[in-house]
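Subsequent text provides structure tokens for two forms of one protein chain, presented individually as structure 1 and structure 2.
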Structure 1
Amino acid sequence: MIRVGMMSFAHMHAGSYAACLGQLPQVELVGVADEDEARGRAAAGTNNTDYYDSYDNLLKQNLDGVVICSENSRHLEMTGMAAAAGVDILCEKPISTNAADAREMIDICRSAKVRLQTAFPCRFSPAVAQVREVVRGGRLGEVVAVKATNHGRMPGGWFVEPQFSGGGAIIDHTVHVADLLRWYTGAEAVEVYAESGTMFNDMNAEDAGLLTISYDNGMFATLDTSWSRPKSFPTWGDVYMEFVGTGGVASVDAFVQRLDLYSDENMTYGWSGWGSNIDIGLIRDWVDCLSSDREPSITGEDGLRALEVALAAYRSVGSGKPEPV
């Protein structure tokens, strides 16, 4: 049995990761640790596992891996604890709120010989993976540009308190697509220009971000990270990328496999998705890594590279100029 623990349910993705772990027969979900006792006990109950009131106690349970879903600002602290206990890590994105912490996480794990994986579940969307093959297969010719969006709704809570999240819509919604573009093309971002603002809500973090990213192979991309979906929008948001090549165009809209649901109950129209669960792909891959001695498929460095794009965007917003990554 692969013994896995969950460190903090501050990030809502923890619920889905725990449910996915519960589906895998080779995994034993040993427990949930959370300093918010009510939240931790509820999560433990839902997932038929034990609640631990201390991270150290959980880490003493002879674990093979932990999933870290704390606030972004605490990823370093949690990673330090897990690495000290010699436990492999799956860390929620973004890897951290700043590059120094992210580098320290990578270094700590390397010295402790602990494997650090960043949670980028979009790589496990079958549609996203299939269009990667199209792009890499060369039928589009030279890919010259990408138009991308990762729209969402304002999530609230600690996500909009920069001391915990590192910012707003830019840090939250840059990293998925930034990672996918590297994964698709192998190109590295070299420069970012960004416009942003707090346009849809009254709060301290930005809820709109529009990045233009230049790559080392000459390709350019734009990425709209805005939490611009109104409350009445039929779904939470999107992950969309359109690749423009000299030989054609290819686009992928990762979350449009759906039923349209019109309900008189509360006068709403919404989407009921039926696409493959991308989180189970991520979790299966990570558990496979835990059961073998291979490197994680998505490393801490991958997490850092994606974060660096968001950080360059914030610098650009500050300076009004394109900034090197």
Structure 2
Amino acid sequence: MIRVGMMSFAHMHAGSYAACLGQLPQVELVGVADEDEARGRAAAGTNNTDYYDSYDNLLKQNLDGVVICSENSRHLEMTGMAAAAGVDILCEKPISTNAADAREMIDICRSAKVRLQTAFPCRFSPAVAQVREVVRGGRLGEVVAVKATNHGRMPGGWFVEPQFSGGGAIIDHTVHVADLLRWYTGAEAVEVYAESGTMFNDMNAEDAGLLTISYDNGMFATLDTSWSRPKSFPTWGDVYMEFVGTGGVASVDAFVQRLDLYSDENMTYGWSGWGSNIDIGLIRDWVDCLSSDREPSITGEDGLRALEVALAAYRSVGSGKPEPV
């Protein structure tokens, strides 16, 4: 039995990850630790597990792994505690709010000989994986350009407080696509030009960004990343990518496996997903990493590389010119 704990339920994805852990027969969700007692007790009750009022007490429960879903600015702190306890880690994205903390997280885990995986669930969309095989197999020839979007609703709470989140829509939504483009092509981002604005919401963080990313293989990508969708939007993002190659084109929508459901009874609109659950794909992969004693599929270094694209975008917004990654 793989014993897992949840460190914080601050992030909106925590509930889905906990539910996915509960679906795996080889996993015991030992408990939820959260300094917000009401939030932690509610999460523990929903997932039929115990609530711990301190992270140290949870980490004393002979765990194999923890899922960190705290505010982004606390990922280093949480990682340090788990690594000191000898517990493997799945950390919500972005890996941190700055590159120095991310590198320290990687170094801490390496020194403690614990595994650090970054939570990028979009890799586990069957459509995303299938188009990757098309790209990696050379069927498009040489990829020269990519047009991508990640639009979603404004999450509110600490997500719009840069001291906790690291920024706004750019850091929140860029990292998913930045990771996928690197995973697809093997190319490293070298330069970013970005513009941003606060166009849809009254807040102290950007809710819209447009990035142009240059890569070391000559490819470039544009990414429209925003919190431009209304509160009723059915999911956190759309993650769409269109690849242009010397031998063809291909496009992929990570959330296309759905039915558009209109209810006249409730006067609501939503998506009813019929495809694979990308979160359980991520969780199943991480649990397999723990049980088979292999290296993570998505490393801390992968998390850092994606974060660096977002950080270069912020520097570009500030300088008004392209910035190195």
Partner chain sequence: MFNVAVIGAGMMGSLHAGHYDALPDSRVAAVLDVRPDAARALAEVYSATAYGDIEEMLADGSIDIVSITTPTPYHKECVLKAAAAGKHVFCEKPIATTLEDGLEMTEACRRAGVVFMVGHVLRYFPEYASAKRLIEDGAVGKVGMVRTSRGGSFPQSAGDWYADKVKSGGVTMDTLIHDFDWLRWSLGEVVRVYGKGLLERAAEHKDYALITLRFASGAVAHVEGTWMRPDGFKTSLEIAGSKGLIAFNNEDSAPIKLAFAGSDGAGVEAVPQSPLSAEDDPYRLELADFLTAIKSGGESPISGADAVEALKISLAALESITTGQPVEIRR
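Here, residue number means position along structure 1's sequence, counting from 1. Throughout, rigid core stands for the largest set of C-alpha atoms superposing within 1.5 Å between the two forms. Please read all numbers here as calculations on a predicted model, not as lab measurements.
Query raised in the report: Between the first and the second structure, which is the form predicted alone?
Result: Only structure 2 fits here, because that chain is the form predicted alone.
Query raised in the report: Quick one: core overlaid, is Asn48 moving 2 Å or more at the Cα between structures 1 and 2?
Result: No: Asn48 shifts by under 2 Å between structures 1 and 2.
Requested in this report: Could you check whether the CA atom of Gln26 moves 2 Å or more between structures 1 and 2, using the rigid core for the fit?
Outcome: No: Gln26 shifts by under 2 Å between structures 1 and 2.
Query - Post core alignment: Thr268 C-alpha displaced by 2 Å or more between structures 1 and 2 - result: For Thr268, whose C-alpha is compared between structures 1 and 2 after core superposition, the shift is 2 Å or more.
Requested in this report: Quote the shift of the Cα of Pro230 between structures 1 and 2 to one decimal place in Å, the two forms being superposed on the rigid core.
Outcome: That residue's C-alpha sits 2.7 Å away in the other form.
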